[in-house]
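Shown next as structure tokens: one chain only, the form predicted alone.
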């Protein structure tokens, strides 16, 4: 999370709305540890990483749904046995659980 603080501050100063995705749990082998974070602003800019690149695209889609109000804060999971996760590249064999929410200043 610390690695994205400067960008979050810059976006706050610009008045941007932000969705924040954080790794809250990893089962088995996972690309990033709990606490890893990624933020997406209303313009589609992305900072941080929750998976080292393998499911970031799918997470951006979820974050944009949260920003549009189509989904509230919620938990989303990606794992090797999940067809969607495999399609976007999570092949490490584990499962990552993320919490995605609007970032409240």
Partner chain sequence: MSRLYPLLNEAIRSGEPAALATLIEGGPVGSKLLVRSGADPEGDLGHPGLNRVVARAARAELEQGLTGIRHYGPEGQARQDEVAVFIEAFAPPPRMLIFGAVDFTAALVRVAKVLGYHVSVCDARRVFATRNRFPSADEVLNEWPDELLARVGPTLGPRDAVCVLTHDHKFDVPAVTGALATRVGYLGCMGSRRTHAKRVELLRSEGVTEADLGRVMAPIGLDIGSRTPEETAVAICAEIIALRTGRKAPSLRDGDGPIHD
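If you're wondering where the values come from, they're calculated on a predicted model, not measured in any experiment. Numbering follows the first chain given and starts at 1.
In what follows, reference is made to the form predicted together with its partner chain, a form of this protein that is not presented.
Only one of 28, 69, 57, 34 comes within 4.5 Å of its partner chain in the predicted bound form through a heavy atom, and that residue is 34. Taken together, 6, 23 and 103 are fully in contact with its partner chain in the predicted bound form: each brings a heavy atom within 4.5 Å. Although the partner is absent from this view, residue 73 contacts its partner chain in the predicted bound form, with a non-hydrogen atom inside 4.5 angstroms.
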